[in-house]
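A lone chain, given as structure tokens: the form predicted on its own.
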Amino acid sequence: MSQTSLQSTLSHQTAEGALPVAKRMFRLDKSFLGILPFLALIGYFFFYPLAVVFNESIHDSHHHLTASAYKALFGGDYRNAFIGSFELAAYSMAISAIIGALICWAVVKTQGHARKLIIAAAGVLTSTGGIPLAFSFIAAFGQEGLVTKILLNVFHWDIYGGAFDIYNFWGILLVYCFFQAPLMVIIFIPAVENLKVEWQEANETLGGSRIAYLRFVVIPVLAPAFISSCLLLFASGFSAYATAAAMSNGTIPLVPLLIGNLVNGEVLADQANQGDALAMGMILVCVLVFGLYALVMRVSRKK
């Protein structure tokens, strides 16, 4: 075969091979069509309402562009509401994280039906919230509650003799920990279960103490999972609404309660967009929290 015919054949084959590549570059992958219903669902129920809320937050009652609703977030009752929500979320996160971590450690050391029972109970308690949870605590720890009467009549302990009140900040914190701690058990126990027995045996073989095992093995391994779990607990406590609304009647300054009051029509003149601005502030906080969560998970995967 001559050199000219060889070059012609190679160029023809190259053109034929390049054509499918060019087509693939501009052809839509059919596997993408399978997630279109999911994307449409997310777009309609998440991004569209988000766009509507943002649009309403930057317009006043006369449909004029304004940033007054966002400026109001940094002062007065709205600022106090964010501080209250941060405190409630932080306290419930810290208490629930410690209690949940201790329960996880005990569950891992437990075998048999007790372990399954504890995990199942944690799953049930995690999904228990809102009005039913508030009613349960009012029926148990209210001024006429069953537990309150038992403590008073049997142990002569009046829990309302001091500053305790089921309807104030600390009472709501107690209720939040009731479902936050089981949530910590659910999301943190896989990390605790990943601790291998061989690591502890190697530490004992090499003459390491329990403190050394905790310092150089347990804490570095569990720290990313513990931090990420705490961030999820913070987001859960910061955004919870129904339980606090049922127990406080809107008297405690919390952002979700203020938004509920504004949505229900309890607004001042020309401030109908203030609830939308508060909602956008909550969304921004949650985005930052989940951004930190993604960063922690990314760092932990690299390690």
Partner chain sequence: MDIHGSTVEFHGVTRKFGNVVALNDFSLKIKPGELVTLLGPSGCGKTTALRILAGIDKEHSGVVEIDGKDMSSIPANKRNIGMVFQAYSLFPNMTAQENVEYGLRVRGVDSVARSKRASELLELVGLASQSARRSTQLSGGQQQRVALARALAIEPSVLLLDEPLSALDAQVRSQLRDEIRRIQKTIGITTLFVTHDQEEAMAVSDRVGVMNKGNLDQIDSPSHLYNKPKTPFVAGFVGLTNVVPAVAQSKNEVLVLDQVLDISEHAPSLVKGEEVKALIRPEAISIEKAAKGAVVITKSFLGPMTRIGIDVGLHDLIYVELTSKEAKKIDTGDHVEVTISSDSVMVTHA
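Bear in mind the structure is a predicted one, so any value in this text is a computation, not a measurement. Numbering follows the first chain given and starts at 1.
Omitted here: the form predicted in complex with its partner chain. The next part is about that form.
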Q | in the model of the complex, segment of 166 to 174, 212 to 220, 184 to 192, 79 to 87 with a heavy atom within 4.5 Å of its partner chain | A | 212 to 220
Q: State yes or no: in the model of the complex, is some non-hydrogen atom of T205 no more than 4.5 angstroms from a non-hydrogen atom of its partner chain?
A: yes
Q. Within a 4.5 Å heavy atom cut-off, is D158 in contact with its partner chain in the model of the complex?
A. no
Q. Would F74 count as a contact of its partner chain in the model of the complex, using a 4.5 angstroms cut-off between non-hydrogen atoms?
A. no
Q) Does its partner chain get within 4.5 angstroms of any non-hydrogen atom of K149 in the model of the complex? A) no
Q. If we check its partner chain in the model of the complex, which of the residues in 176 to 200 reach within 4.5 angstroms of it by a non-hydrogen atom?
A. K196, E198, W199
